[in-house]
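Before any questions on how it binds or moves, here is one chain, the form predicted on its own, in structure tokens.
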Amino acid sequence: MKRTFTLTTAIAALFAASIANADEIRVLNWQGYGTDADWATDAFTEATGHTVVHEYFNSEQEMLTKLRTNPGAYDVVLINASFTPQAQAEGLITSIDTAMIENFDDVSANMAENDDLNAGGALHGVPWTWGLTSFAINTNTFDEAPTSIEVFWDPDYNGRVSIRDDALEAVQFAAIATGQDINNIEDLDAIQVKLAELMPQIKTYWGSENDWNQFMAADDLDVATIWSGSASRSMAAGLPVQFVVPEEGAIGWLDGLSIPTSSTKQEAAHQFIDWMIDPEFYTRWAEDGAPASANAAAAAALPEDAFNRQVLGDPEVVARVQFQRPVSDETREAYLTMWQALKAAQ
């Protein structure tokens, strides 16, 4: 049973003064990604008076388009760190006033100082969550978890493999499989060959967490790429899956919460971001399956057996992670052209 949730007395007292001047803030995010949990927005509204309305995107490119074409429509936006410099350079997001975010002091220094979130020489995204893109196995098929990414090319699992239908992710996945740096790919031909060899193994491509869960629940797949936070939720929901970080490594990502330059409710936006990195919010969210928190105090508050302490808290695992950096539009286009050609030839 999920525990009854309220803001801590201290946080509630801190925000109480603003209730009389409550705003409606609009948040732009992936659907079902923490900020829109009813219990979280209800607690925030009860404490501050601010109401929260969400709008969603299905890709980072769509997110940027929404910011460009709807000035003033959003007050908080979730941006992956690899896209933050582009949003900052276009003037879409403003710098963060960390003095207005009480919980910022507990954000891990290496994330608070992340070069991409500090685009333009100032913090433009509060580190919120991080995680890995790796893979999970169907535990009904495997007696023992594989240790290598090469399991995707194993003929024993022909027709029982899936990867996300995303060109950048596919290329970076193959870069790891070919021993390359995902942020400095020197042999794209080798990646094309590696992916071409993978295509006959693939049963289907997945596009959303819900798709992935349905495939696994139907026992359609033996091994499939997945995000760590999604794997955590799937495991919490009882699906027979196990998350694996292979010896070759995994793709790391960091998500930040930013404030659009055009927002007219920036004080309320700062308050909402402060609540999103609060340990009390995070430990409740983790019960439902959440990515790892960038807030060290929040991470430390998790139970010892929590997924994000057992897996992402392992220094040996973290040492194998390659964190994504920004990718130019030209490079993305090259990856997309190659990916579409590979799928068309299948």
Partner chain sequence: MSNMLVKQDRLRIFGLLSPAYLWLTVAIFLPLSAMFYFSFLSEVPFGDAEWNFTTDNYRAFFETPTYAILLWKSIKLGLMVTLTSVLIGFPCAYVLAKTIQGRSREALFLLVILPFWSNSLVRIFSWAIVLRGNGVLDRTLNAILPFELDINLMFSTPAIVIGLVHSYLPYVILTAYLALQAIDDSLIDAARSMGAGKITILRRIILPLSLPGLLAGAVLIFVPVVGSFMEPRILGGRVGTYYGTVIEDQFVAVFNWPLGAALSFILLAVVLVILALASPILRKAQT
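Residue numbers count along the first chain shown, from 1. Fair warning: this is a prediction, and the values are worked out from it, not measured in the lab.
Absent from the display: the form predicted together with the partner chain. The rest refers to it.
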* Identify whether the partner chain in the predicted complex is within 4.5 Å of every residue in the set P246, A319 and F323, based on non-hydrogen atoms. => no
* Among the candidate residues E197, D97, D220, D187, which is the single one with a non-hydrogen atom no more than 4.5 Å from the partner chain in the predicted complex? -> D220
* Structure fact -> The one option of T45, Q310, Q31, T65 with any heavy atom within 4.5 Å of the partner chain in the predicted complex is T65
* Structure fact -> Answer among 272-280, 129-137, 208-216, 72-80 for heavy atoms within 4.5 Å of the partner chain in the predicted complex: the stretch 208-216
* May I ask you to check whether M111 falls inside a 4.5 Å heavy atom distance of the partner chain in the predicted complex? => no
* To do: Answer for I251 alone: is it within 4.5 Å of the partner chain in the predicted complex, judged on heavy atom distances?
  => no
* Any non-hydrogen atom of T331 within 4.5 angstroms of the partner chain in the predicted complex -> no
* To do: Verify the contact flag for D165: yes if a non-hydrogen atom of it lies within 4.5 Å of a non-hydrogen atom of the partner chain in the predicted complex, no if not.
  => yes
